[in-house]
Structures are given as structure tokens and as C-alpha cells.
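Listed next as C-alpha cells is one chain, alone, in the form predicted on its own.
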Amino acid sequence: MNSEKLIKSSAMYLVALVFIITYNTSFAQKFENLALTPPMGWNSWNHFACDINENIIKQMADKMVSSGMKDAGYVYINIDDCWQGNRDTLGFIHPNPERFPSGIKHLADYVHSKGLKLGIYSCAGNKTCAGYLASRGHEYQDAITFAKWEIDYLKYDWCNTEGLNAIGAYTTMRDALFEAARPIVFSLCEWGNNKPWEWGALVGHLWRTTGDIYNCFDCIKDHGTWKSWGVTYILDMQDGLRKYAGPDHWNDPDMMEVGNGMSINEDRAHFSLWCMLAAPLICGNDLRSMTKDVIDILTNKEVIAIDQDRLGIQGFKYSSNDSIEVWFKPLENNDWAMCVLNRNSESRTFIFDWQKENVVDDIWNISANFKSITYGIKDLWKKKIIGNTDVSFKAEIPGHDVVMLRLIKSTK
């Protein structure tokens, strides 16, 4: 072949290659309809950190079933950081053989046999947050591996990402997952640094809005170069974000700390508020040692129904007075959820005259219209009907606790 023909042949090859790449990537997307309501499950990090192994993961799956959590809607068992071993000579990753001697596929089979789904963790950087092998430069290989293992959920972190563009890095992994052809829920754990709520809906199914949560109701843990945040601090950071959330694309205020050392009042408030936020309900406690009170909180189906409501509208703070916050959330069938949070450490009396309040969701143009509509009131923690909105509501709310109501529409 002469040089002219070689140049022409090479040029045609490059054009064809560009066409193939453009054709493939132009159709790459996230898998749709995997998270029409916020995902529910469990993650290993908050309680176990790196102290994980296949037996612990199996035990969590067992307990999710036996505790009633599966019946309440929880489905994902998610392995966080520290599962990684080495890459082989072709660059494919393998699990730590001491912690996961049977392999991740074996674990997926076990979890699936329980009617649950398995999640895993990786990171967009050169190393994970705990210093293990991450996916930078191996996105397509790792996506193929996760698909081969029959993974159902990927949490993708943002440590050691110097020089990376967040949108590009997360889109690359999105495309890799799509090419691997196994539907996997994609959780963007980017901590809100690059405003993922503005671009995340086309990339993943949920995105972290803040740094890490901390098992404290109203405090900050300073790690020196970064901080982790108590429940109320994370709650305050959600302001202004609700317009970005909806079915298949959720704001994620991080995994829950219910059962990790806070008081029962605080656990109940934490859980209630995450449900009002239409947040993913990913538990972070040791399911094997839950008290009855913790199980009762995590499996309250009527409170969970507020989170899982098919409208997919994130709730909003309606008022705040003397550290008493009133939150509302529109629901399907013209119902509403109402949560009253007492941020004080002492008990407070709360009175709400429905006829004098004008509750309107300005973003979605929905009004409660208490003057023309009577709602029945159900207390979701007491699990009983307590009246209707023709009469003012009065309650004594303990410190760091909530009243959680469902307002059930009935025409006057």
C-alpha cells in the first residue's frame, strides 16, 4: 500500500472510529425508572466503616428480612468503602480475599435469594476516601465487573479527584454503566460541592447535597480539614433545593443515623424529617442489635408512605418560631403531610389554627385551602385519628421530637 492510500485508509478509519464513539455516547444515558420513589435500604459505612466482611453483609440481609424492614419497603443492602482487593493483570478489580473470600457475585446471589438487592461503592478519584482502589481510568472495566457481579446500586464518591471535572467524571461512569447493560441505581456522592442538583437528574438517580452526616442531633464534628454534620445542620442545608427533586432524581441529605446513639426522640425526629424531604431512606446502623423502639421507627409504614408518596414532591418549611418549625408536604389524592419539629431541648406547647393559615406550595402551585376543605387528622406516630381541621390543633412536643400528621382530604 502506498503512502497516499495509507493516509486515506487511516483517515477513513479515524472517521469511522469517531462515528462509532459519537454514536455510542450520544445514546448513553442513565437507566430510567429505577427510583420513581426514593431508594430504601441499608449501607455499611455509618456503623462499620472499614470493619466489614461477607458474613456481616449476609447478617444484615438476614436481619432486614426478619426485622420487618423488607416488608416495610427496604430493599438495598449496600457495601460501602474497603471491600476492594487488587486489580488483575488486565486491570479488572477483585474484592479483598480475606474479607470477601467467596466473592461479590456469591454475595449478590445470597442477597437476591432474600428478595433484596446488593449495592457497592467506588470513587471517581485515584483512591477511595479510605485509600483503596478507585475507578479513575477504569470506569468501563468496573462497570462491566459490577454488571457481571449482578450489582443493583452504585454509590460513587468524590475523594482524591484533583484535576477532575465533576460533571464529566460522573457522566463517564453513567455512560459506562449504561454500556455494561445492567440497570444499576446510580448514587452521586459528590457532597454538593459542584451543585449536582443542577445537572444530576440526567446523570444519576440521587445526589448528595452535603458533606457527611454525624450521629448527633444538633452538633458538628470537626475533622480538621473537613467537617461532618449533625441532623439539624444537614436539614438546614436543604433550603432552596426542593425544586430539583422528583421521581427518579432525588436530593440525598446522606444516610440516616437512626439507631446509632441518639435518643429515641431524636431518632424519631430524624426519620420523620427525612421522610418529609422525600429523601432516600438508607439506614446506617447495626441491624442485628436494634431495639424495639428503633425497629418501630424504621418500620412505621404510614410515616414511610410520606417519603414514598408517588407525587415525589419534597416537603418545605412553612414557619419557624421559637425553634418550633412547621413543615408541609403535598401528597397524592390531595392529602398533605405536616411535621412539627421542636428544636429545643425542652418540651414546647404548639397550637395551630388551621383557619388562619394559608399553606401553599409556591413551586408546584398546590394549596391546602383549609377554609374550604376539611381534612381528617391522623397522628402517624400515635397511629390514630385525632380530629379534623375544623378545630385548632394543640400538642405538647417533647424536646428534640416531632409531631407527624397526615391530613386526609374530605370536602366540606
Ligand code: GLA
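Note that the structure is a prediction, hence the values are computed from the model and not measured. All residue numbers are counted from 1 along the displayed sequence.
Below, we turn to the form predicted together with the named molecule, even though it does not appear here.
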### Query
Hey, of 265 to 273, 233 to 241, 155 to 163, 138 to 146, which bit sits against the named molecule in the predicted complex at 4.5 Å between non-hydrogen atoms?
155 to 163
### Task
Using heavy atoms and a 4.5 Å cut-off, decide whether C189, D212 and M255 all contact the named molecule in the predicted complex.
yes
### Query
With the cut-off set at 4.5 Å between non-hydrogen atoms, does D80 touch the named molecule in the predicted complex?
yes
### the named molecule contact at W327 in the predicted complex, heavy atom, 4.5 Å
no
### Query
Hey, in the predicted complex, does R208 get a heavy atom within 4.5 angstroms of the named molecule?
yes
### Message
Whether Y375 contacts the named molecule in the predicted complex should be assessed with a 4.5 Å heavy atom distance threshold; does it?
### Response
no
### Query
in the predicted complex, which of the listed residues (A72, L133, V294, C129) lies with a heavy atom within 4.5 Å of the named molecule?
C129
### Query
Y76, F316, Y121, W197: which sits within 4.5 Å of the named molecule in the predicted complex by any heavy atom?
Y121
### Summary
Within 354 to 380, the residues having any heavy atom within 4.5 Å of the named molecule in the predicted complex are none
